[in-house]
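First comes one chain, alone, set out as structure tokens in the form predicted on its own.
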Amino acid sequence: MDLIIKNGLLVTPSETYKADIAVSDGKIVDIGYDLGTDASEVVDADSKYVLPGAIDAHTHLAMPFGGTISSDDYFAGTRAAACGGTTTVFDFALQDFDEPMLDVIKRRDAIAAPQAAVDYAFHIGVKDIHGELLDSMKDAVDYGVPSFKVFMVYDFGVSDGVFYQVLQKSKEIGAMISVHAENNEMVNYNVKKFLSEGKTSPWYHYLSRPEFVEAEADMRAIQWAKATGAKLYIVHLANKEGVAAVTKAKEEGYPIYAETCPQYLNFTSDVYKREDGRNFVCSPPIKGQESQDALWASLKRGDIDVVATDHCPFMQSEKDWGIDDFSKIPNGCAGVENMYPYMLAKANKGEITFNKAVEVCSANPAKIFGCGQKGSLAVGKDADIVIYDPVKDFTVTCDAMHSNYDQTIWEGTEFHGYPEMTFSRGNLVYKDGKFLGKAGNGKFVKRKLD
């Protein structure tokens, strides 16, 4: 036996119970009482929670955007993930024009494989479907990447017609389509108008993309998914009306899934009035209090399925490009090291259950995206395990994080309770504030949807 974790409180989406857990060759091989101490390593988790590693289903590592590249490469991003209890990350591999989908995967995997410190998977960001490129989606599915994303915004966003064709194809080949839903024409009009009026602060980033700009696109995307019968996953849902549209679609029996992010759960649009408001610029922007309340209510009742991060940090000097022009601020915030600690701290306060935190951060993304070996503490699964100390106090500072960035929106956030140890396939990769893993130890996770 390689590892036995004793006396911990094991957490599943439906149960919390005291037991030992045994690991051999990277797999969980036994769960029970009094499993003994005959192992290379024995960890006493008395009075602590033992959880499945989180799965961050939404990151942008080394992503070109806004004239620069996000500050975390695959090593920095997965290192930070491990130190926050996340043992699998999904990154978006953006297609180039004229590029077949399988080539997208292989191009990005050549970068990720030698760098990744925990396991990783890809979604393909679709830009181009002309000629045989639409049919090449099936090659990606057959290879183990059955999830794709379309952007309804930015200069690389797709037209409505392309989005509709991608949905149709996904239904045919058994894929999942994710969508960044905002109305591009409304955004472009608002940005141009505000800048012409000399309204250049980060507050106008929010006003250029207010609630209805996201909500309208959410509703349009859901309607097309209904029409095609395709599975649809709405990323970084942030607005009240969009939440209502997701709830209605679920009640009608459609395979519509929704994700939100910690920044939308913790902050409101008032952050854009702060002196450092440019650091919070992301898209969709953080919304008002009513939307935040709706997100929490939806998460608690189960209509929001997943919490992920949209991790896409930039350096302070790059965020400062927009001091006098919000449209020049690279869009994105840090989060991969903060997601699980944030949600578990909410559980520790009693605002949600630990079971709910495990459900939305681990079990649900594993189920939705076909990660059969991930997302739960069960015999035969990968030994992706987090030991959580519910009495440890931790304050987030940039210096204490394990990314490459030099600013974070989570600066000064206090957590009561914090991950103490992280195991990736049975290997100790984090303990007591220190990263212990290695670049290249992460494996590419091939998937198949139910």
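On a predicted model such as this, the values are computed, not experimentally measured, just so you know. One-based numbering along the sequence shown.
Below, we refer to the form predicted in complex with ligand DUC, which is not included among the displayed structures.
Novice: Tell me, out of Phe151, Tyr206, Tyr74, Tyr342, which residue has a non-hydrogen atom within 4.5 angstroms of ligand DUC in the model of the complex.
Specialist: So the residue touching ligand DUC in the model of the complex, by this definition, is Phe151.
Novice: Pick from Val158, Ile256, Cys282, Met137: which has a non-hydrogen atom within 4.5 Å of ligand DUC in the model of the complex?
Specialist: Selected option: Cys282.
Novice: So which stretch, 304 to 312, 353 to 361, 213 to 221, 370 to 378, is the one near ligand DUC in the model of the complex (non-hydrogen atoms, 4.5 Å)?
Specialist: After filtering at 4.5 Å, what remains is 304 to 312.
Novice: Does the 4.5 Å heavy atom contact test between Gly332 and ligand DUC in the model of the complex come out positive?
Specialist: Heavy-atom contact with ligand DUC at 4.5 Å: present for Gly332.
Novice: In the model of the complex, is there a heavy atom of ligand DUC that lies within 4.5 Å of any heavy atom of Lys226, even though the partner is absent here?
Specialist: No - in the model of the complex, heavy atoms of Lys226 and ligand DUC never come within 4.5 Å of each other.
Novice: Using a 4.5 angstroms cut-off on non-hydrogen atoms, would Phe415 count as touching ligand DUC in the model of the complex?
Specialist: Result no; Phe415 lies far from ligand DUC in the model of the complex.
Novice: Given that the partner is absent here, does Lys250 sit within 4.5 Å of ligand DUC in the model of the complex, heavy atoms only?
Specialist: Although ligand DUC is absent here, Lys250 would stay clear of it in the model of the complex, with no heavy atoms inside 4.5 Å.
Novice: For a quick check, can you give me the residues of 223 to 241 that have a heavy atom within 4.5 Å of ligand DUC in the model of the complex?
Specialist: Contacting residue: only His236.
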